[in-house]
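Quick heads-up: it's one chain on its own, the form predicted on its own, in structure tokens.
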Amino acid sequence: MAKNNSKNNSKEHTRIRIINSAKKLFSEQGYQKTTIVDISKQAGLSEAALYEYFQGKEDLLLTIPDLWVSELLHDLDEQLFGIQGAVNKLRKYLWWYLRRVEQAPLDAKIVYLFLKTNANFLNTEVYANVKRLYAYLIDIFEEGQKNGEMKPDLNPRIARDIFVGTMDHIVTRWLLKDMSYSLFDNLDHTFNLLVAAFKAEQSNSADYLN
């Protein structure tokens, strides 16, 4: 039994080493320019050994962000726990998400610049988890309608799309600009503009913007 555990641990260690090698190379030189030979050399393996773990470069691309997105899902419940009000929750969601992006720039770069443009992305477990991550926003907008913070005729799914589209733009621009500034520059102003489009005219949500 001990031998089997040691063998399994060794395989998992090798798998993680391959993933980290691919992540580093994809981020530094781009997905298209990176080859399996590059990845195997970076990981200290032969090509044949690498193929025992992954079918190829695309398989690696589709696998890399899975752990990161899964961690985001696990963390989000804890981050939103105890926060009162839809606007407060939206603010927490935005600041938390951008903070996590800032803490894991390689994962973010692969997701935003390479993975989301891949035709097979929609068929991955990562995409399923991303949908779950964004579904929290629908719940928040629906809560806002119920408590009077949000417009009663607001479509929660369209509001979610606008919110996510804004986040995606902020992150993508930051990555394309080589992360040369803080994601939080002018974020309060951006957030206030978003909330102004969603909130009910006669609500107490102004209290949540402070």
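Numbers for residues come from their place in the sequence shown, where the first is 1. Here the structure is a predicted model, which is why all the values come from computation and not from measurement.
Another form, the form predicted in complex with a further copy of the same chain, is not on view; read the next lines as being about it.
Here the chain stands by itself, but in the predicted complex one stretch of 181-189, 64-72, 35-43, 48-56, 181-189, has heavy atoms within 4.5 Å of a further copy of the same chain. The contact with a further copy of the same chain in the predicted complex, taken as any heavy atom within 4.5 Å, belongs to 117 out of 123, 117, 103, 84. Taking non-hydrogen atoms only, residue 136 never approaches a further copy of the same chain to within 4.5 angstroms in the predicted complex. Residue 146 falls outside the set of residues with a heavy atom inside 4.5 Å of a further copy of the same chain in the predicted complex. Taking the partner from elsewhere, residue 113 is found to have a heavy atom lying within 4.5 Å of a further copy of the same chain in the predicted complex. Using a 4.5 angstroms limit between non-hydrogen atoms, residue 196 touches a further copy of the same chain in the predicted complex.
In sequence order, 164, 165, 166, 168, 169, 172, 173, 176, 177 are the residues of 164-179 having a heavy atom within 4.5 Å of a further copy of the same chain in the predicted complex; the partner itself is omitted from this view.
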